[in-house]
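Before any questions on how it binds or moves, here is one chain, the form predicted on its own, in C-alpha cells.
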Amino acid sequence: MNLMRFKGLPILKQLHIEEQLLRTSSENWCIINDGTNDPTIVMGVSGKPAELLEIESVLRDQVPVIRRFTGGGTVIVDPGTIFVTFICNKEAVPDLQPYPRPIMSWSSSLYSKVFQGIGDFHLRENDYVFGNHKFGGNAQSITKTKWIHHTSFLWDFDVRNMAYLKLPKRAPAYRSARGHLDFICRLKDYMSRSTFIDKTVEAARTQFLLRSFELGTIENCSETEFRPSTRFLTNEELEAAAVAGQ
C-alpha cells in the first residue's frame, strides 16, 4: 500500500487526488492529511443544500461549499480536521466483502487498535464515537474493482462554524435529536495530534506493507486525462437551492 502524508492540503485538492486514484490507479493507497486550509463545507454526492445548510449565512460569509464524489453526510472542515483515506482493490483485504457495512466494520476494527484503552471508542451506525459523542464521520464509494473509505476526524473545531449546518432530517438514531454541540466531541481531549497520526500509520502497517509516496510522482506518471466530479458549488447554485427550498 502506498502512503501519502500531507499537512494542510486544501480539501478540494485532496478529494481530486482521491477520486483520480479510485478511478485510474490499480494500487492500494492510504492518504493522511493533517488539516486543511480555510473552513469549507463538504457535502455528499446526493446532499441537498436547502436541507443541510443555512444557505443565507453560508453566502453572507462566503464559506466555500464542495460536492464530493462519495456518499455520506455534510461536514465543515478546517485546520482542526484530520483526514484519513483508504483506497483499496477489492482483494486487498482478505475475506472482506466489498459492501458498505463490511468495509465500515473493517475500518472500525483498524481504528480500535488506534484507540485501544482510550475513551469508549466504537462504531455507532456510520460514525466513530467516544461513548455517544461523534468525533469521526465516514463516507464511501464502491466501484467494480475498488473501494474508498474516507474519514474526517474532529481533532478540534470552531463552535461558530457549526451554525452553518442545519440539523439533518435523516440522522442516526443515537443522535436523539441533539444539537451539533451536544452531539460531537473533540479528539484532542483524548489524544495528541501527532500520536493519533502515528498510531493510525502503525495500525495500517498491521494490515499492509506501507511505502511512502510523493504527490509529484502521481502527477508525473498519470497518463490518463481525468476530470473529477468533485467541485465547488457556485453562489448561483446555492441561491437557486435556497429559493427552491422555500
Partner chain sequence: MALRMWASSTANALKISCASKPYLSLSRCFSTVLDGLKYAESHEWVKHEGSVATIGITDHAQDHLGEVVFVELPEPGGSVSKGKGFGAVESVKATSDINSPISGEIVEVNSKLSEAPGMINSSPYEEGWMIKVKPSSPSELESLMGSKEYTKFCEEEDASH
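If you're wondering where the values come from, they're calculated on a predicted model, not measured in any experiment. Residue numbers count along the first chain shown, from 1.
Absent from the display: the form predicted together with its partner chain. The rest refers to it.
Not one of H16, T81 and F135 is positioned with any heavy atom within 4.5 Å of its partner chain in the predicted bound form. Within 4.5 Å of any heavy atom of its partner chain in the predicted bound form lies no heavy atom of A163. Interface membership of K169, defined by any non-hydrogen atom within 4.5 Å of its partner chain in the predicted bound form, is ruled out. Using a 4.5 angstroms limit between non-hydrogen atoms, S176 is distant from its partner chain in the predicted bound form.
At a distance threshold of 4.5 angstroms between non-hydrogen atoms, P102 is in contact with its partner chain in the predicted bound form.
Listed stretches are 62-70, 184-192, 31-39, 198-206; the contact stretch with its partner chain in the predicted bound form is 62-70, by a heavy atom cutoff of 4.5 Å.
Shown here without its partner chain, the chain has V93, P94, D95, L96, Q97, Y99, P100, R101, P102, M104, S105, W106, S109 in 90-122 lying with a heavy atom within 4.5 Å of that partner in the predicted bound form.
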